[in-house]
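Below, in structure tokens: the form predicted on its own, a single chain.
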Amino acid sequence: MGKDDVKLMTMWASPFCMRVKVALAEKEIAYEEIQENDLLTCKSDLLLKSNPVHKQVPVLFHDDKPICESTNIITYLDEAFPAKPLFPECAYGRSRARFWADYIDCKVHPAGRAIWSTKEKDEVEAAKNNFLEIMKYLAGTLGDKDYFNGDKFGFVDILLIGLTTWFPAYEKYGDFKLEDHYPKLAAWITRSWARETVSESLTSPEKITNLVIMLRKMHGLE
């Protein structure tokens, strides 16, 4: 499979783009990366044409056909390129993976954003508590396993690990450490980041935190 067959439109800070890059790396699919540099003020014509509904990255192109939305893209990749599967083998396992995918997509990033996007102490505290409550259920389903599907890094791990690049910013402005509340979940993050497919696909948390600092200044929160 050559790079001409698969292209990925990304933006460096998007955790949703990062998770697709991890999936591509895990499945050893070569691709060409197309960077969107300014999603705030100037979205490219290619992005607007390829994803006219949400106008957001990531967009995957397979044989010039656009596939949008990160979870949908990763599901597509697992179906279109069945080698090195990311989903569990059994139907029940796949159903649980889809359940937790929806939970992660609906809750984690919006809850984290709520922590750093205000300077009101009461709002920060409420947002932090909500984020930790969300993490409680993820820590519970992880349990004592190495990964969410047991001993194999897979679909749910990929969806969540991309979001963790933003976690240090949440901790900074929420004044907490995830490890203090859910040490096994924190250990999972460390274990996952040790994978080359992850570490080479994700933007450094320090760079993301610096972006958050800049965004807070732009919005008068610093």
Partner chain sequence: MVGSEVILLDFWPSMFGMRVRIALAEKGIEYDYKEQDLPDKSTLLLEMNPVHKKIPVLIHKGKPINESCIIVQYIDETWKDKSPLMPSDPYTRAQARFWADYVDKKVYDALTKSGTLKGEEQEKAKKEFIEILKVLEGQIGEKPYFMGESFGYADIALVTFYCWFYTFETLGNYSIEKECPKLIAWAKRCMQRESVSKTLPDSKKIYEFFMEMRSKLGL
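Positions refer to the first chain, counted from 1. On a predicted model such as this, the values are computed, not experimentally measured, just so you know.
Although not depicted, the form predicted in complex with its partner chain is the subject of the following passage.
> State the residue from 169, 160, 57, 67 whose non-hydrogen atoms include one within 4.5 Å of its partner chain in the predicted complex.
Flagged contact: 67.
> Mind telling me which stretch in 145 to 153, 111 to 119, 124 to 132, 70 to 78 gets its heavy atoms within 4.5 Å of its partner chain in the predicted complex?
Within 4.5 Å of the partner lies stretch 70 to 78.
> I'd like to know whether residue 91 contacts its partner chain in the predicted complex, with contact meaning heavy atoms within 4.5 angstroms.
Contact check for residue 91: yes, within 4.5 Å of its partner chain in the predicted complex.
> Looking at the partner-bound form in the predicted complex, is residue 42 within 4.5 Å of its partner chain by any heavy atom?
It does not: once its partner chain is placed as it appears in the predicted complex, residue 42 has no heavy atom within 4.5 Å of it.
> Are there residues in 93 to 114 with a heavy atom within 4.5 Å of its partner chain in the predicted complex, and which are they, in order?
Contacts from 93 to 114: 94, 95, 96, 98, 99, 100, 102, 103, 107.
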